[in-house]
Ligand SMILES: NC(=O)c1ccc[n+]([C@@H]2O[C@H](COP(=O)([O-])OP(=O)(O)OC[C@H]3O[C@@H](n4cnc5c(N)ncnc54)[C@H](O)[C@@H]3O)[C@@H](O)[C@H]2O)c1
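Read the single chain below, which is given as structure tokens and is the form predicted alone.
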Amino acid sequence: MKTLNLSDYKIEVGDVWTKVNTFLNENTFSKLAVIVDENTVKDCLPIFRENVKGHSFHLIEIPSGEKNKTIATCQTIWQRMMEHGLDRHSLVINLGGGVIGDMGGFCAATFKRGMAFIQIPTTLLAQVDASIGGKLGIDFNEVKNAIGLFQNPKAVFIDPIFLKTLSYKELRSGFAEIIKHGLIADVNLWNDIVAVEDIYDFEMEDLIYRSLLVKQNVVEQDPFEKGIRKVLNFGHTIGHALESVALNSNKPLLHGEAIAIGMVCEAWLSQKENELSATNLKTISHYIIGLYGKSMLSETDFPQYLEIMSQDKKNQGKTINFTYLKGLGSSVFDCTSAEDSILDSLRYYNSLTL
């Protein structure tokens, strides 16, 4: 059992259920609601109910997936909150992946001007990324997280037992954020990652904790993403655009799959326009392609990618903002690149072979 102490809440990692029950018993809430989707209601809610005793919950079920991270789904959640009589003294428990964490937290933070919520993330992606930082939101007009706010949960409880409910693709998707944390700020984490061929061979509790330490260090320096916190967006400027376009195609990409491609492209930009060595670019590209395979990018989609990148929240004016790698475990933010170079980075990815 490991604990991360943040400014106004704690993240517990491990066999967390004694801590969950203590939290619920020591706080007085008028009502409790659990937000789930069709996957977590089947695979994760039984684990929750087996371990959390002596409390009654209102269940709010929503459809899964990034395509449903919309204002329309929020309206459904708010409507259910109204029907169940939730008020500002109620507690929302977000039991699910990043979509539920982001959207459930957003709905809790805005319903009747705000109620308490906790996160129980059930995917690796949510456990190492969405569980820390207080960023809540929904997608709008194909722009990821375009509508949102910063609001910390009352607590986060991470139990790796939920990872057993995931497919390999979902587990691998979350692993992209661990790779990112190693590349931007922890060379030892990166070296440990590339030394193991099968992600099932990792001791996940330790890996989750080490990954969260990287994000904690960054977030506490910059809680509202005004400066250094932007390094956490490595791979995301391009990756979010790829994910958004693919979402409306017959070959959608999971978040981590898109971010993996984005990291390869932005590593190429880091080598072309910053200090990353050609050797390190080759190492990064080889590892990511070996783990995630290839998804060829159609040049007919390139203009749409650029349009979505131009709407990125991190941009200043009309320039597209990136985080570049200076080396393995070292990064720099507020970097810009010409559109031709961005397109060349996509072509570099397409040129790689397995």
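Because the structure is predicted, anything quoted here is derived from the model rather than measured. Sequential numbering from 1, following the sequence displayed.
We do not show the form predicted in complex with the named molecule, though everything after this point is about it.
Site annotation in the model of the complex: the residue of E299, E307, E61, D43 reaching within 4.5 Å of the named molecule with a heavy atom is D43. Checking R80, K135, R172, K230 for any heavy atom within 4.5 Å of the named molecule in the model of the complex turns up a single hit: K135. Partner contact region in the model of the complex: 120 to 128, out of 181 to 189, 244 to 252, 197 to 205, 120 to 128, criterion any non-hydrogen atom within 4.5 Å of the named molecule. No residue of the trio R210, E257 and Y292 has any heavy atom within 4.5 Å of the named molecule in the model of the complex. None of the heavy atoms of L91 is located within 4.5 Å of the named molecule in the model of the complex. In the model of the complex, none of the heavy atoms of T283 sits within 4.5 Å of a heavy atom of the named molecule.
F111 falls outside the set of residues with a heavy atom inside 4.5 Å of the named molecule in the model of the complex. None of the heavy atoms of M115 is located within 4.5 Å of the named molecule in the model of the complex.
Of the residues in 53 to 85, those that come within 4.5 Å of the named molecule in the model of the complex through at least one heavy atom are, in sequence order, S64, G65, E66, K69.
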